[in-house]
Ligand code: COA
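A single chain comes next, written as structure tokens; it is the form predicted alone.
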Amino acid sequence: MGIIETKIDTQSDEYKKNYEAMTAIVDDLKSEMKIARDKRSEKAKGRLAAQNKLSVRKRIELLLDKNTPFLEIAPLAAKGMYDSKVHGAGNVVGIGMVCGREVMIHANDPTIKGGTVYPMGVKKSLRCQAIAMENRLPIIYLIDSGGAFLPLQSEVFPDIDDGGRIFYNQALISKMGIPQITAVMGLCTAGGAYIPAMSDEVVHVKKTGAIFLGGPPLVKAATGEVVSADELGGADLHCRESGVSDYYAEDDPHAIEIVRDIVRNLPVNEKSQLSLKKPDAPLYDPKEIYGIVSRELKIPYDTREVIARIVDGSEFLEFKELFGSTLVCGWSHIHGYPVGILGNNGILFSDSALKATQFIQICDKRKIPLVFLQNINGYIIGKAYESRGITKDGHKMVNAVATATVPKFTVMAGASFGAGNYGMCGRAYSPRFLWNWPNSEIGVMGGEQAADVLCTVKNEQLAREGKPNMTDEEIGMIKVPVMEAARKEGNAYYSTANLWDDGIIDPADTRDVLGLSISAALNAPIRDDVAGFGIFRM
């Protein structure tokens, strides 16, 4: 493979301004991550200590193999929602190594409303299970939750993607043969009781862990019986009498020790095999991405310069370099894993869409994972392009993205607008993981463009009615709120708060995050019987 020769002048004013702007954005991200991780009331922390419980982060730290990474999912979920106090949607979710085995970890944070489940917490739990099913990852649940947040029960309980779906998924996960292990470290109330009940093995901490369909207040209200939480659903009852729980733990550290033993006892899982090579660091510092990426989305940058800073040895075999130049396609390696990369270098035309289609088909046949680097305003529009078939050519690309059977990974590295989001494997096209850079924006179209469209439509309506065009003041009354809404709803934090992605990452960490994502995906088989047509030219 050839080496990408950088054309970036790291001493130029433009590079320095871009670098400064991205540094400020990343610093804000780190600040937000620290708030989500650490901001808890003294009362909540004191209550945890009084119960002799470990914090959620300490529990995960003890569970993971020492000096191994933890790929956290959606740490800023629910940001800005529920009085801005339900950090991370009330739980910590991620992939880590336990006894040498990659596992999905789902842990309630009892210092946030006592581990109470909010609507976005349900959505995050479902995403956790989806990742586990797609990638065949064992799930470890560390449960410490008071159940659903009752004032929002209509958003937590009844629908197809609400709380009941968690237990439905547990049944499917069990049928798939994916291990599920639960440590009961606090309350497992009402529907939450089904999580341990539907797991393969359950570890129960004495005194603090309790499983029951109805807690003491509900039992008293319904039957008049007065009973403590431990008497109703503690470790002694469920380990000695009901048989709901399988292992009796003295405290949190003991429970985690037992969970690790259970994982160690799992059958060996053979991961999917790819044509690996020895990993090499990029020739260029990944942090130089800060100066490469334009501080304004409307100013383009060469995606090859980003590729050069995330792939092994900055080596890249470019496919159809002289054809469809607004889309860069080619082969490389990330941490030794072979990948096919698609990166935007402008709007998508028919030739770039056809190029993508052929490239995706080749990668699918060869079982090479796909990486999409999104910085896209959409597909070209206009009479001339419609006459040349941009709609059908775009369809071919979208179809190829949707039907590819190899693992797909997406990084939103700038703009993500309109059908370009679909063609470049947005959330609706089920990439195994989708990561966001903090400078990215998403929407049907850019705010200014959307405002102009609405004003044009309004003026055309007025013309049909025989009325004059809008005044500048009237235009402003339409444009300003539309552009403000686009700025609010299109930014990376709004996206990640709503779980449209798996997390915002530092652009300099992109290589490592993709490497961990690919490694996790290889726990699932890559299909041998790739369906569809053979490779053909278009």
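In this text, residue numbers run from 1 along the sequence as written. From a predicted model like this one, the values you see are computed outputs, not experimental measurements.
Omitted from view is the form predicted together with this ligand, to which the following refers.
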Worksheet item: Using a 4.5 Å cut on heavy atoms, which of Gly146, Pro300, Pro75, Pro338 is close to this ligand in the predicted complex?
Response: Gly146
Practice prompt. Could you check which residue among Ala353, Leu370, Leu187, Ile181 gets a heavy atom within 4.5 Å of this ligand in the predicted complex?
Written response: Leu187
Worksheet item: Does this ligand get within 4.5 angstroms of any non-hydrogen atom of Pro151 in the predicted complex?
Response: yes
Practice prompt. Examine Gly446 and determine whether its closest non-hydrogen atom to this ligand in the predicted complex is within 4.5 angstroms.
Written response: no
Discussion item. In the predicted complex, is there a heavy atom of this ligand that lies within 4.5 Å of any heavy atom of Thr116, even though the partner is absent here?
Written reply: yes
Discussion item. So, Lys45 and this ligand: in the predicted complex, are they within 4.5 Å at any heavy atom pair?
Written reply: no
Worksheet, complete the sentence: Of 188-196, 67-75, 99-107, 238-246, the segment with heavy atoms within 4.5 Å of this ligand in the predicted complex is residues 188-196
